[in-house]
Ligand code: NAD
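Before any questions on how it binds or moves, here is one chain, the form predicted alone, in structure tokens.
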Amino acid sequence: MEIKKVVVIGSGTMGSGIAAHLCNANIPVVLLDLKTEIAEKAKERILKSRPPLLFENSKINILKTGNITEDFKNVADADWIIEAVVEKIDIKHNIYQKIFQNRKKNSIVSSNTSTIPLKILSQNLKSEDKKDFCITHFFNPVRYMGLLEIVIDKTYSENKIQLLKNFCEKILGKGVLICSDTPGFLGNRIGVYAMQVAMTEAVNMNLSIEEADAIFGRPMGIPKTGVFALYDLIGIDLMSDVLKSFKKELPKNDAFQKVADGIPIINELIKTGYTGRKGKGGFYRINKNDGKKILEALDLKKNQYFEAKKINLQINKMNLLELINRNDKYGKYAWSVISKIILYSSSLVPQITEEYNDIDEALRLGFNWSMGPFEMLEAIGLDNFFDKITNIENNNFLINLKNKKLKKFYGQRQKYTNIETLGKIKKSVIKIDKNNSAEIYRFNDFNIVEFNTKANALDYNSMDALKKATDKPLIIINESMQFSAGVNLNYVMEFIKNNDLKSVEKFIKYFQDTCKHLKYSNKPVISAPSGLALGGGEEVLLQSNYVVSHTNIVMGLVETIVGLVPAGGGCKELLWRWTQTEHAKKDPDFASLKVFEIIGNAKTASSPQEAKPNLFLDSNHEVIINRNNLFSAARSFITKNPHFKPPQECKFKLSGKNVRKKMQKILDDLYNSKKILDHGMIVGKELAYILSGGETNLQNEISEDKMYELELNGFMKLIETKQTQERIKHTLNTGKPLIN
């Protein structure tokens, strides 16, 4: 049996998200609801979604809509029927009765529930039907969250498990964990518990919500949203419903029960319509003062909103041992939260899973944690943990570890998949070199560089690692959420603050030299990006010999937003790609004008499919839907190209002043319509000078080094200006652009 057609019943947030992702995988899908109009509106929401649920909007064409009365016949030839209706058991039971009366033999039927146990969902099913019924718990948003929990019991067909797991892993790109029928399964059981602990401990220790979110975030390897802001994002009322389900399903002596009620103010927030971002606000809200939007945070003691404070913990890198050993309230809070998460998670092995690392993977894939509870324990160190912990009574997992007197205990990572991943092979690699921004690994006959700064922002050390690693074929890849958000602007601004422009110039020149070295290295350089690849991150991709791109990627040269121009070869490389098009062969100014538009407008692409029309990706790339496959695909390129030869250096013929006049006309129109202001005009002119080739004409040939020189000069002119510095500071402080 193959899965060639899917029916999704229920077109709410989850149903429409699942249907959209099936479209991404080119699987024909029928989306049904009570009325066809409801499903049609869901289709419209998919097209308008931000971030986009589709790789490209044309994918929607294989989605059909209908209603559960007239169009239920679609179930008859579906290979997989997914129920995603409201979390009410009587409604679900009625749907199942209708499905099993109409489905074809051996088709798979599943529920997307996150709260109702499998035994309750299937209690009215015949024994024969139970073999084909399971829970498929997708995480929201479906396109972006890697985790899929398949919940089964002993009646489920072994063949069906494998069929569904393989389909969801290979075709939908999911990290598939097979779970037992326990409350919250794996991800939510630990993830929601962790949120509740973080919240209640913050109240117990008199931390503000901004302080708690600052610690229960990047310093712990958790997304920067934190806990209170995450509550707002999910919906405070929805979280309240989830917790009621846990209270009902979990034993009274389960440690979760101690934190399941949350904090008293939650009920008051829900009553007054402060349910989070979808309501009037929540723990945070946006208020207007003199026409300006101000982020306000709730003071939990006073029950009043005040302007949110930015908390500077002076932490540059994640280091759990340093964090929990801090002799301040932040260290005490971090230890209290982390220790409770480790204690609770370990107490559930083997009750909810025999593979403790599956819990880690559930948190990685479903909550975007950089390490799960057991990896946290390994990172802290067993001796350090047992020295600090006071009570591990009745926790057999920890008692066994302590009795064995091990220094390290963590076995194989990512046991849930047979794919050879970066996470798996890191256990067997040789560490060649390491600095504050990157690590170099040697694996057999090639090297790996993994960036490890905040958002993998690039600095001198990042470039140094890349340059050193090209003695062998090189794969640039990492496990974090972002490939690289670009050049580290904090790093650059430190030089500016010290009036040290020479060091800025030296760094940008080294960035250029490194990128050119990557492009023309005698050994192939393969980049395997996922997440953000912006600015300098995109310039590394542009000058790699091959790119293996995950489908969830945001690419673009966005330097103009902060008043700069791409200076690591981005202008040069994108211009070269456009000069090779048929349009450019007929019109010598076409490429310059096209790249002027793309970079000037800081265009981005939210998928490889969107990236191709802008030539952020050229023909030397492939697209991977399952992030776990990035490493093996990159390695495969090395294997298949034993006689690799670097490309020839490119030469440009550009029209200089002639095309600059056309660019100036574009800038004048933008300025007159107030789409750009004074500094936007200055930035635009610098970009125009670079992309026109400077003082040249079509009879002259411009070398690649000359283009690098034009980029560097333009960058340095702009970084010296007060207006660009103001843009950078504003973006660093607020995360938003400044138009000046």
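Computed from a prediction, not measured in an experiment: that's the story for all the values here. The first residue of the sequence shown is number 1, and the count goes up from there.
From this point on, the text means the form predicted together with the named molecule, which you will not see here.
Inset, instruction - Considering only heavy atoms, tell me if N24 and the named molecule come within 4.5 Å of each other in the predicted bound form. - result: No, N24 sits far enough from the named molecule in the predicted bound form that none of its heavy atoms falls within 4.5 Å.
Inset, instruction - Answer yes if any heavy atom of I430 is within 4.5 Å of a heavy atom of the named molecule in the predicted bound form; otherwise answer no. - result: Output for I430 is no: heavy atoms all beyond 4.5 Å of the named molecule.
Inset, instruction - Give a yes or no for S114: in the predicted bound form, does one of its heavy atoms lie within 4.5 Å of a heavy atom belonging to the named molecule? - result: Flag for S114 set to yes.
Legend entry - Non-hydrogen atom contact I728 with the named molecule in the predicted bound form at 4.5 angstroms: Outside the cut-off, so no.
Legend entry - L34, K92 and L238 all contacting the named molecule in the predicted bound form, non-hydrogen atom within 4.5 Å: Yes, the whole trio is in contact, each within 4.5 Å by some heavy atom.
Inset, instruction - Answer with one of S636, S503, N140, N490: the residue that has a non-hydrogen atom within 4.5 Å of the named molecule in the predicted bound form. - result: Among S636, S503, N140, N490, a heavy atom within 4.5 Å of the named molecule in the predicted bound form occurs only for N140.
Inset, instruction - State the residue from V151, A84, V554, L564 whose non-hydrogen atoms include one within 4.5 Å of the named molecule in the predicted bound form. - result: Residue within 4.5 Å of the partner: A84.
Inset, instruction - Tell me the stretch among 691 to 699, 708 to 716, 57 to 65, 34 to 42 that has any heavy atom within 4.5 angstroms of the named molecule in the predicted bound form. - result: Selected range: 34 to 42.
Inset, instruction - Between 1 to 28 and the named molecule in the predicted bound form, list the residues on our side with a heavy atom within 4.5 Å. - result: Those in contact are I9, G10, S11, G12, T13, M14, G15.
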